[in-house]
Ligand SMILES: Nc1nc2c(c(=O)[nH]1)N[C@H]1C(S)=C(S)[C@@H](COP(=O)(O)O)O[C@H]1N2
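Given as C-alpha cells, the chain that follows is alone and in the form predicted on its own.
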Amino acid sequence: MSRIVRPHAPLVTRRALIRGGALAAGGLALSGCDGLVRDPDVTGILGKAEDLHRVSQRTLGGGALAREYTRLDLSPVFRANGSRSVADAAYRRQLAEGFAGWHLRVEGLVARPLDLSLAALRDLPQRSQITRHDCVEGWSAIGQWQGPQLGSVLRLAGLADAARYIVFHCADLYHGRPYYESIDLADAFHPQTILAWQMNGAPLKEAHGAPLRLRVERQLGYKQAKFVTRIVAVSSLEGIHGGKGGFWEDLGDYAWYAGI
C-alpha cells in the first residue's frame, strides 16, 4: 500500500516561484453583475484587483495551507459541482470496466511525457486531506480527498524551463464545450494540490469526477477540474480554447485566479 505523506512546508522555492510566473499578470474579473462586468472600464478595474489579490495572497500568505478538518467535520451531503456525468463513449466504456485501461497523459513542455494508469497513480506517495470546497454559487462542503501531489507527477515528467502554466483537459462537455482549467506553478507545487482519485475513503464516483480530479485547495470550486484525462505544461494560455485559462474564464468572465 502506498504511504500517505502530510508535508507541512511549501515545496516551492523563491526561485521556483519566480520561474513559475507566480507574480505574472493574467486572468479576468469575477462575474456576478452581467452587464456591469462586461463594461471594459469595470472589467479593467476588477482585473487589476484580481492581480493585486493574487500578489498579496502569495506575498503575505506564502505557502500557507488551507484549513484542514477532521472526519467528524465531514459534510453528510457533498453536492457535485459542474458536470455530473460524461456522455463520451470511450469514458462510458472505461467506467464500465472500472477504469482498468484508463491512463492519464502528461505532456507539453516536459522532458519525459507520461502515460500513468490509475494503479500507477495509486502507487505514488499519497496525500490525504480533509478540506472545505467553496463554490462560487455560494455553497460549501467538507470532504476528504486522497491522491498523489501534482508536484510529484510533474517532477516525474521533468518540467522544461519554459513551462509557466499547467493545463487540465477533461473528458466532459459542459454546455456543449470541453471543460478545462489551468493553474500556475506556485499552485501546481503547493503541497495541498493533489490529483484525487479517492473521496471520503472510496474511489471517486462519476458525479464527483471519476476516476481523477484536481484539488487545488486554496481556490474556488470551478478550478477543481473533474474527469481529468490530460495534463499539459505550457508557456502561455493563448490559443487554448478561449485563451483565458479555463471554461468559465472563457465563457463567463470568471477570474482566472480564484484564490480564497
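Residue numbers here begin at 1 and follow the sequence given. Note that this is a predicted model, so its numbers are computed, not measured.
Keep in mind that the form predicted in complex with the named molecule is not shown, yet the notes after this line are about it.
This chain is displayed alone, yet in the predicted complex one of Leu156, Leu124, Cys135, Leu74 has a heavy atom within 4.5 Å of the named molecule; that residue is Cys135. Screening 189-197, 63-71, 231-239, 218-226 for residues having heavy atoms within 4.5 Å of the named molecule in the predicted complex returns a single hit, 218-226.
For Leu109, no non-hydrogen atom is located within 4.5 Å of the named molecule in the predicted complex, even though that partner is not displayed.
In the predicted complex, at least one heavy atom of Ala80 sits within 4.5 Å of a heavy atom of the named molecule. Contact check for Cys170: a heavy atom falls within 4.5 Å of the named molecule in the predicted complex. Among residues of the shown chain, Tyr179 is one whose heavy atoms approach the named molecule to within 4.5 Å in the predicted complex. Along 200-223, a non-hydrogen atom within 4.5 Å of the named molecule in the predicted complex is carried by Ala207, His208, Arg213, Gly221, Tyr222, in order along the sequence.
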